[in-house]
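A lone chain, given as structure tokens: the form predicted on its own.
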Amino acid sequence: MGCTSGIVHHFIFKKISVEKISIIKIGGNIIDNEVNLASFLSAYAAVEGKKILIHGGGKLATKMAADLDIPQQMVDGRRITDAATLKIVTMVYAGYINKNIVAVLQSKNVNALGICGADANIVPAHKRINVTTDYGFVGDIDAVDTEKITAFLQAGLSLVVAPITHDGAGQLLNTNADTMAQAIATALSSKYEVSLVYSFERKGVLSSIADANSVIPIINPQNYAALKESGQVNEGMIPKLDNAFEALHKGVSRVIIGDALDLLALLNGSGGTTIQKN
């Protein structure tokens, strides 16, 4: 009957566009250099659209611990966080560095809000359990509150996130900043098209640590296995790459590793190392 009526119904399907967001993790060696940090923050201020900056603490926490005669232990590149060290990293990461970055961004007309994982309960975590090593007050992430983060973003705020979390029982925890970036990026991928950038002092993932220009342009699961087996990828880069692959497998659109001073070029698809899921 509908066909013989002569009435043709046109169904117009409107493509739903997903809003984009850039989540950028800044490496500690850039934070340690006042000139490079200023240059990076100028570029970050020019990034269009919604954005979140995640940072660690560079060498300042280590220097403060030395000044206070508090011994520091590292295992596989990760800091053992005893009670005294936790006080230092909280003051340095969630305090001085976080608020200094916020102040600079405000001067560049970026309405930044400096927080850590404990604020507004955005990143609850638990104390790491490891059968061979007691990492002290190191936190592994349990969840990310995307609703609260989205509310901040919709209010026009650009978040600056320090990697201090909490266990819900009053205990602060020190969490790896790369992992924090991956967890936030992954959680927000249900609401946004997410670009995750791990920016630091090198041009990308290098095939030779002695050659600053030996950037590997693309890493996928196949060549990653070969690079690890041959020892071409520096051991310190492996946790960052593992986080990158996990982010892609959990919904992040793209992951780039590269020079913090080339941030805008990286976001425009030029330079650095692109991590591919397949």
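Since the structure is predicted, the reported quantities are computational estimates derived from the model, not experimental observations. Counting begins at 1, following the sequence as shown.
The same protein also exists as the form predicted in complex with another copy of the chain; that form is not shown, yet it is the one meant from here on.
A.B. asks: Would you confirm whether the three residues K99, C116 and G170 all fall within 4.5 Å of another copy of the chain in the model of the complex, going by non-hydrogen atoms?
C.D. replies: Checked in the model of the complex: all three residues contact another copy of the chain.
A.B. asks: Would you point out which of 82-90, 201-209, 128-136, 177-185 contains residues with a non-hydrogen atom within 4.5 Å of another copy of the chain in the model of the complex?
C.D. replies: The contacting stretch is 82-90.
A.B. asks: Can you pick the one in L241, L37, L227, M64 that has a heavy atom within 4.5 Å of another copy of the chain in the model of the complex?
C.D. replies: Answer to the contact question: M64.
A.B. asks: If you check in the model of the complex, is T150 within 4.5 Å of another copy of the chain, heavy atoms only?
C.D. replies: Looking in the model of the complex, residue contacts with another copy of the chain do not include T150, since no heavy atom lies within 4.5 Å.
A.B. asks: Please tell me whether any heavy atom belonging to S107 falls inside 4.5 Å of a heavy atom of another copy of the chain, as the geometry stands in the model of the complex.
C.D. replies: Close contact exists here: in the model of the complex, S107 approaches another copy of the chain to within 4.5 Å, heavy atoms only.
A.B. asks: Just checking whether Q72 would be counted as a contact of another copy of the chain in the model of the complex - the rule being heavy atoms within 4.5 angstroms.
C.D. replies: It does not: once another copy of the chain is placed as it appears in the model of the complex, Q72 has no heavy atom within 4.5 Å of it.
A.B. asks: How about A46 - does it come within 4.5 Å of another copy of the chain in the model of the complex, if we only consider non-hydrogen atoms?
C.D. replies: Result no; A46 lies far from another copy of the chain in the model of the complex.
A.B. asks: Listed by sequence position, which residues of 27-43 have a non-hydrogen atom within 4.5 angstroms of another copy of the chain in the model of the complex?
C.D. replies: Contacting residues: none.
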